[in-house]
Each structure stands twice: as C-alpha cells, then as structure tokens.
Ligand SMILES: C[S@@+](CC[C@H](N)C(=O)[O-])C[C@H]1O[C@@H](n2cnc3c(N)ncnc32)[C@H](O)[C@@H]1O
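Here we start with a single chain on its own, the form predicted alone, put down as structure tokens.
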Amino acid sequence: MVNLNEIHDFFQNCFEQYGESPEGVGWNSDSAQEIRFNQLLKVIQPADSFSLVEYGCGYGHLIDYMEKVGYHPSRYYGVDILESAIQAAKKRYGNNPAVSFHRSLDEIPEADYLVASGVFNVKLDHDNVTWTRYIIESLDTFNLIAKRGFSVNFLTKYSDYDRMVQRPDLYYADPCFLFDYCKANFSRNVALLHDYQIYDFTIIVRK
C-alpha cells in the first residue's frame, strides 16, 4: 500500500527549501515545467468553454501559464497534497472567483478536463508493482472526474540507464503499458507524446 505521508513529507521539504518555484514543487527549471504544461494542455479544446482540475497544482503556476498561452477555463480547481502549497496558491489567486484550491479530489465535482504533472514521479521506497497499482487506481479516478478528457505525464523507462540507477527513488514508467491500459479502459482516442526533448512522456485521453 502506498504511504502518502512519506510523499507528502518529500514535497513539503522541497517547498520549505525552495518556496514558490519549479524546484519547490519538484521540477528543476521553469523551462522544463512549461514544456510539460504545453504537452498536458493539448487535451483541451481551448476555443470552447471548459472547466479544469489540476491534480498536483502546487502554488498554481499553471494558471499563469494558461493566461500567457491563451487558455481561459471558466472554472479551475487546484488539488494538492500540501496545505502550505494550497495556502500559497490561495494568496496568489484567491481573488479570482473562478479559481479554488482543495486538498482532495473528493471535494471536486465533475469537470471537463483534468491534468496532472509530475505527481507519479517520486515513489521513494515503494516497489514498482505497488506504485504501478497506485497509478492505475488514480487513472481510474481521473477518468470518472473528467468528462471530456485528461492528461498525465511520467518519467520514461527509456531514460539513460546511468541516470535511472542514480535515482532509485523515482518511478520510470512504461509508456506502452500505460497507453494500452488507457486505450483498453477509457477511450478510443488516446495519444502518447514522447517527442519533446526531456526524459518523460505524456498520455492524453480524449472522450
């Protein structure tokens, strides 16, 4: 069984050390974070009105990025495991009536889309079988919440071997396995994006 308290403590330490920055939510740079945002948002038809859940929202930087690139959700729900990140996000965006932040998906109604960036990368001491089961259960939940589609990114098992052995606390996912699971269980319209320079991939499920 996955111990989310350990995951919480890992990200809490990052946030305490680096604050409202990519490093504070587990990324190594602004550019890497925004490359991933760009891929995740491909699930959305931006010309239409839409509601969005961001699972693993951190301090809410995706809101700024969407504004910059022309995505304007009618309703945004941010969900994060860290109370400190939620409080920081509320300070930044609390005056926007279309935005709210939450600690659990249980607090969120159905939405058009859900995106999740980096939430499955850090497994710590969990074995791969247990962590993969946790991912599948999470994807099943995402599918129930998102009426029009969802997108998720992962570190790839096609990363350089020497990099992977140096970080046994990270989870390097099998893109083919996850693509097949999503295709078989969620939708005929599934995309696997594995061509954007960094060592991860994005799964997009459109309904």
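Fair warning: this is a prediction, and the values are worked out from it, not measured in the lab. Throughout, we count residues from 1 along the sequence that is shown.
We do not show the form predicted in complex with the named molecule, though everything after this point is about it.
- Might Phe186 be said to contact the named molecule in the model of the complex, defining contact as any heavy atom within 4.5 Å? Looking in the model of the complex, residue contacts with the named molecule do not include Phe186, since no heavy atom lies within 4.5 Å.
- Could you tell me if Gly149 has a non-hydrogen atom within 4.5 Å of the named molecule in the model of the complex? Because no heavy atom of Gly149 falls inside 4.5 Å of the named molecule in the model of the complex, the answer is no.
- Query: Should Gln39 be classed as touching the named molecule in the model of the complex when contacts are defined as heavy atoms within 4.5 Å?
  - Reply: No, Gln39 is distant from the partner.
- Using a 4.5 Å heavy atom cut-off, state whether Tyr93 contacts the named molecule in the model of the complex. Although the named molecule is absent here, Tyr93 would stay clear of it in the model of the complex, with no heavy atoms inside 4.5 Å.
- Query: If you check Val119, Ala89, Ile135, Ala111 against the named molecule in the model of the complex, which one has a heavy atom within 4.5 Å?
  - Reply: Partner contact (heavy atom, 4.5 Å) among the options: Val119.
- Looking at 171-179, 158-166, 41-49, 54-62, which lies within 4.5 angstroms of the named molecule in the model of the complex, counting heavy atoms? Within 4.5 Å of the partner lies stretch 54-62.
- Query: Any chance all of Asn143, Leu192 and Phe201 sit within 4.5 Å of the named molecule in the model of the complex, going by non-hydrogen atoms?
  - Reply: Per the other structure, none of Asn143, Leu192 and Phe201 touch the named molecule.
- Message: With the partner left out here, which residues of 171-196 have a non-hydrogen atom within 4.5 Å of the named molecule in the model of the complex?
- Response: Contacting residues: none.
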